[in-house]
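Form predicted on its own, single chain, as structure tokens, below.
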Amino acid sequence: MLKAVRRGAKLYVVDPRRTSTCEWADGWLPVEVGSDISLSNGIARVILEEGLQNRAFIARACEGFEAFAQNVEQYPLARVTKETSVDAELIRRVARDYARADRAMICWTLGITEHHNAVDNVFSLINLGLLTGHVGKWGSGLNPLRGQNNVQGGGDSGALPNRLPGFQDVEDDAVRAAFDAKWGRPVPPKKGWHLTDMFHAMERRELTALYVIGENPAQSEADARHCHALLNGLDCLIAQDIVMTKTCEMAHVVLPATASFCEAEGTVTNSERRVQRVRKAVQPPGQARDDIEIISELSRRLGYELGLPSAEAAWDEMRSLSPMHGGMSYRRLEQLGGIQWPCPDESSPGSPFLHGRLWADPVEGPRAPFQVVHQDPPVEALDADFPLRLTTGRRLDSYNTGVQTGGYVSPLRQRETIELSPVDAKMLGVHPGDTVRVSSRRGNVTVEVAIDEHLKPGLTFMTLHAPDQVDVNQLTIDATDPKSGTAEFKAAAIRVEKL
């Protein structure tokens, strides 16, 4: 990103907080938490008002444009400025620069997706890409930036409740038949539960056993007290991990696994869809065993003999069933330094960008749909009892729930704090280092105060990196997006009291 900025690219940052990225930006849009759709629809309206849309691309490649255009008429800048707190002229400048650019990208992270309307937030960004034609060509696109190194690879490989490897629909009979034949067992014909569905099923006692691999829901889930009650109510909880997480401590059985980046063979897929080889560098310590070995042994004891496939054999089986991975043999991955999917056969060099088919005339495959999405504020409104907005996030030196990074000293790391604006700190009569009680409708924590001069009044910030020190997820709300199951980690209502 910085290389592009130094070569003259324009950068706009949309964030309720003034992060370090803003130092290099041409503009910072300090949106109110949960007002993302209003902003996107407002930008779209400006583009349409000024005739900056890519008419030829829309006509060739898209559908649903008329309903979309009619919807964004409801978002004049006066409304958008009121809902987002972003200056109208800045919104107009972003709209013009984005629409007029030869190439442009929209990148987002959990600030968009950890809301009760996560999918609609993403749809609003996709609409902007389609409106301007900034998709399906070099240097342009819509890019969800992953917070962990193989999130993309997990989804690609079928770690989704409605998809088999290669994002193939599990409810498609023809697709499922190929897997049935390869595995010698029928694949269930209906999609499964995502994570939030699983917790709802625990509450209904429809789910009584849980096998957790490389995840720490005891510390990563919203409304931690409720989450712990459900995990403790399971008949059987199995945890497979490389460190003793809180989830492992609650488990009936713990299976020590290997660190995949150095103690196992395999592949990893990054955010640009590039599949790369991972090579075993050291032997795992103690009783730790490779994930493939653990799963194969469990399968044997459950009555289905997998043998002990190598990582390469497992990969070859997957690419025999997943068309988008077909040409990615280990030999080619090593030879080419990684390959971006789709790569259907061994003559293919891979695909440096997606959706190029939308520029074909006629379009290859289905047209790209515009989506009608509406502004929907956070589930928890602020009131006299809980007048402050808490948004959670990450810090550069730490990793998720801190089970890996928390055991190491970093000169960048500070104790967990609640960051307050100078205005709110003065109103509360607190100073840096003071201890306060932070309460939501679900629980409370005690934590030290830090002052962030860039925070807007009414907005506070904490991380989830140090739950042993300050369990922030005692405060967060488990209101979830019905389409994705994502909890609204970014928008809890709280109060702060000096102790």
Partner chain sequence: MRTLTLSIDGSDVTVPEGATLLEACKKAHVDTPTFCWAENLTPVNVCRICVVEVEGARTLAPACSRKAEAGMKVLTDSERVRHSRKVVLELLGSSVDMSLAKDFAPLRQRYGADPKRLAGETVAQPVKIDNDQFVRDYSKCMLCYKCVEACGTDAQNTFAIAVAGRGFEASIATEHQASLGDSACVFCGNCVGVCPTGALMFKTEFDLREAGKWDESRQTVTDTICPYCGVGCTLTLRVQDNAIVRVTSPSDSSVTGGHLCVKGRFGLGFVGGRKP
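Numbering follows the first chain given and starts at 1. Since this is a predicted model, take the numbers as computed values, not measurements.
One more form of this protein exists, namely the form predicted in complex with the partner chain; it is left out here, but the text below deals with it.
Peer 1: Could you tell me which stretch in 128-136, 281-289, 159-167, 209-217 has residues with non-hydrogen atoms within 4.5 Å of the partner chain in the predicted complex?
Peer 2: Result of the contact check: 281-289.
Peer 1: Contact with the partner chain in the predicted complex for residue 6, defined as at least one heavy atom pair within 4.5 Å: yes or no?
Peer 2: Taking the distances in the predicted complex, the answer for residue 6 is yes, it comes within 4.5 Å of the partner chain.
Peer 1: Although the partner chain is absent from this view, report whether residue 277 comes within 4.5 Å of it in the predicted complex, heavy atoms only.
Peer 2: Within the cut-off, so yes.
Peer 1: Applying a 4.5 Å heavy atom distance criterion, does residue 263 contact the partner chain in the predicted complex?
Peer 2: Contact check for residue 263: yes, within 4.5 Å of the partner chain in the predicted complex.
Peer 1: So in the predicted complex, is the partner chain close enough to residue 396 to count as touching (4.5 Å, heavy atoms)?
Peer 2: Yes, residue 396 lies within 4.5 Å of the partner chain in the predicted complex.
Peer 1: If you check in the predicted complex, do 2, 404 and 409 all have a non-hydrogen atom within 4.5 Å of the partner chain?
Peer 2: Every residue of the spot touches the partner chain in the predicted complex.
Peer 1: Could you spot which one of 93, 228, 176, 146 gets a heavy atom to within 4.5 Å of the partner chain in the predicted complex?
Peer 2: Filtering the options by heavy-atom distance leaves 146.
Peer 1: Quick one: from 242, 104, 294, 202, grab the residue that has a heavy atom within 4.5 Å of the partner chain in the predicted complex.
Peer 2: Looking at 242, 104, 294, 202 one by one, just 242 meets the 4.5 Å heavy-atom criterion.
Peer 1: Only counting heavy atoms and a 4.5 Å limit, does any residue of 13-33 reach the partner chain in the predicted complex, and if so which ones?
Peer 2: The one in contact is 24.
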